[in-house]
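Here's a solo chain for you in structure tokens, the form predicted alone.
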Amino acid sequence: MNTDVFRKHYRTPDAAHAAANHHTWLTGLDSGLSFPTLLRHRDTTLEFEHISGPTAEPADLPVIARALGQLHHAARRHGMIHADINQPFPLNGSGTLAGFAPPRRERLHAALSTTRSPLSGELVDAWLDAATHFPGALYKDANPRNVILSDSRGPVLVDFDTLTLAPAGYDLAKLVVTTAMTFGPLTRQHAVNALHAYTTSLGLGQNACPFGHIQVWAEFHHLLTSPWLGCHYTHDWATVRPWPTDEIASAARTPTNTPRS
């Protein structure tokens, strides 16, 4: 086996084609970030260059948050700043990105019937609908396994399967949740430091991506990742959440309109 190649297999040719389109678009953003080179696309298989290095750990949160902010800043510079994030977004001839709410609403409501959450169905709908008024960014599965820390290239972002529009901070909340679910409890300061690195890199003030938004989006991710507990994740977010649930209830009560630019 050629160890210089990483092969990713997909269930269908369409899924492989979508991932290849996502890679093409992301690498064309001129974000200054590193991605593995796509070497070959064969039916249901993509072949990438193999990247050596460890994946991210809790101590790396600010570095990864900064990279996410940098990526989102580049996407906004390439038109995402004007996007309605609940509508599809064209990728310059490389397909489209799905809007934020449509692919999530039904899944979130289904998860609420099986997973205990400080959010209600009404609050979930309110935040999905209000997201169109928040600064737009994108969602790329931001879990620590999808960032390789290369000695020569810095953080390398991998896995291009899922890409959608999302409000600023949604990707960061996924990073916080999945890092805690992978490694165990984080402190509140971990999340605060990550948010500061993210918003600084993104070029938006703290008011455009408040800490309360991160807390609410984290609960969305808890609902959506709970089926993978015991498979990809070891720790239940409900037991490692770094803030009390009454804070979430307060933050979620009214979606705060923030400037879109």
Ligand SMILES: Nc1ncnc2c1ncn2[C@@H]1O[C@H](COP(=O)(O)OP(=O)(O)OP(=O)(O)O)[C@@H](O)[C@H]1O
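Heads up: residue numbers just count along the shown sequence, starting at 1. Everything numeric in this text was worked out from a predicted model, so none of it was measured.
As for the form predicted in complex with the named molecule, it is not shown, yet the points below apply to it.
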I'd like to know whether S201 contacts the named molecule in the model of the complex, with contact meaning heavy atoms within 4.5 angstroms. no
Would R40 count as touching the named molecule in the model of the complex under a 4.5 Å heavy atom rule? no
Applying a 4.5 Å heavy atom distance criterion, does D125 contact the named molecule in the model of the complex? no
Whether F48 contacts the named molecule in the model of the complex should be assessed with a 4.5 Å heavy atom distance threshold; does it? yes
Option touching the named molecule, based on a heavy atom within 4.5 Å in the model of the complex, out of I81, L112, A98, V158: V158
Can you work out which of R116, R107, R145, R188 has a heavy atom no more than 4.5 Å from the named molecule in the model of the complex? R145
Taking 4.5 angstroms as the heavy atom distance cut-off, pick the stretch from 50-58, 219-227, 24-32, 191-199 that is near the named molecule in the model of the complex. 50-58
